[in-house]
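Okay, here we've got a single chain as C-alpha cells, the form predicted alone, with questions on binding and movement later.
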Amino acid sequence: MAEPVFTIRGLSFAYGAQPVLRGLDLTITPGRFHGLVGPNGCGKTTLLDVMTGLLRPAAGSVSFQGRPLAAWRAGELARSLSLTPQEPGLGFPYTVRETVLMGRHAFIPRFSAPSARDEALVEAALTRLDLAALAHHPVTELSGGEKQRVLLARALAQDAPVMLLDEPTNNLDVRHALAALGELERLVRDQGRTVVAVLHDLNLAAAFCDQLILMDQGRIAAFGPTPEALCAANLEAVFGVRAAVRWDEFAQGRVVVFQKNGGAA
C-alpha cells in the first residue's frame, strides 16, 4: 500500500476562543482527486491552511509524505505541495505571464534566469487555462474569473505532485470551470498527482472527484468514494436540505437534484 500523502490525527484549531477544527482525523492517499465539501464556516479553508503550514494547529499532528509537516523546509515544501487560495490577492500590475512564472520560484536559483523547462511549463499552463491571449496583460485589469484562471495556471506551472485548491472554480463560467477541473482530473489520471479541492458545486464534485470529504462544524461527517459519500442522507445531515442523487447517462456520472425550497424534514 502506498504511503499516505497526508496523515492528520486529532487536529484542532481555534481563532481565539472560537474553535474551528475539532479533533479531526484524516488520511489522504496519493493519486486521487479528493473533493472537500461542507457548509460555509465549517473549517474547509482553515484545514487547507493547516495542511500547508500557514496555520499551526492548537493540538494534534499533521504529517506530509511520512514526515511531520513542521520538519519540511519552505523551499522543499514548495517543490512538493502547491496551494491555490480562495481569494486572488493580485494587487500588483504584473503581467499574466509574470504571475504564472512565480509558480516556478522554488525551482529557479537566486539571480538565475528561468530554465527552458520553467518556460515550457509556463507556456503550457497559459495554454491549458485559455490565457495565452492575455499573457502580457496586467493582472490588475482582469475580471474575477480571469484572475482565478491565472492562479490555477500558476499552480499548474509549479508542477507539484500534491495540489491543494480552495474553491478553484470560484468566479469561473461553466465552460472554464469544466475545463479547469478536467485539467486537474487529467493530472491525477495521467501523472498520478494528488488533488484536494474545496468545491461548493456538488454536481462538479460528483463529476470529477474520486473521494469526497464532507465537513460539518469542524469535524469529518463523511469520507469515502464519491458514490458512497455523496448520498441523500449525508447531504441532509450536513447541509440540512433534501436532495436526490441519481445516475445520469448524459453526465456519465451522478447528479444531485435539490428540492426547490431546500427544506429538510
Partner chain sequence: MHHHPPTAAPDQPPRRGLRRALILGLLALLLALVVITCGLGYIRVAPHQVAQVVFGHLTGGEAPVARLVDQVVWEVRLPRILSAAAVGAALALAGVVFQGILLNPLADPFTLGVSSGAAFGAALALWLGLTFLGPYTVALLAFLGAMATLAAVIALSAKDGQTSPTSLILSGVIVAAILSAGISFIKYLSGEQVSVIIFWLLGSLAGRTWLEAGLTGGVACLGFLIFLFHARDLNLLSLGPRAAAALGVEVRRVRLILLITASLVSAAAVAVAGIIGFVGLLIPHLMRMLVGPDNRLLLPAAGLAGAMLLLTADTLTRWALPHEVPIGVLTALIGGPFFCYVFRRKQLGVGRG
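Note that the coordinates shown come from a computational prediction; the quantities given were computed from them, not determined experimentally. Numbering follows the first chain given and starts at 1.
The same protein also has a form predicted in complex with the partner chain, omitted here; what follows describes it.
Note on contacts: among 216, 210, 201, 49, the single residue with a heavy atom within 4.5 Å of the partner chain in the predicted bound form is 49. Only one of 127, 191, 115, 143 comes within 4.5 Å of the partner chain in the predicted bound form through a heavy atom, and that residue is 127.
Although the partner is absent from this view, residue 105 contacts the partner chain in the predicted bound form, with a non-hydrogen atom inside 4.5 angstroms. Interface membership of residue 122, defined by any non-hydrogen atom within 4.5 Å of the partner chain in the predicted bound form, is ruled out.
Residue contact with the partner chain in the predicted bound form: residue 163 places no heavy atom within 4.5 Å of it.
Contact between residue 177 and the partner chain in the predicted bound form is not found at the 4.5 Å heavy atom cutoff. Taken together, 32, 232 and 247 are entirely out of contact with the partner chain in the predicted bound form: none brings a heavy atom within 4.5 Å. Residues of 60-86 placing a heavy atom within 4.5 Å of the partner chain in the predicted bound form, in sequence order: 73, 74, 75, 78, 81, 83, 85.
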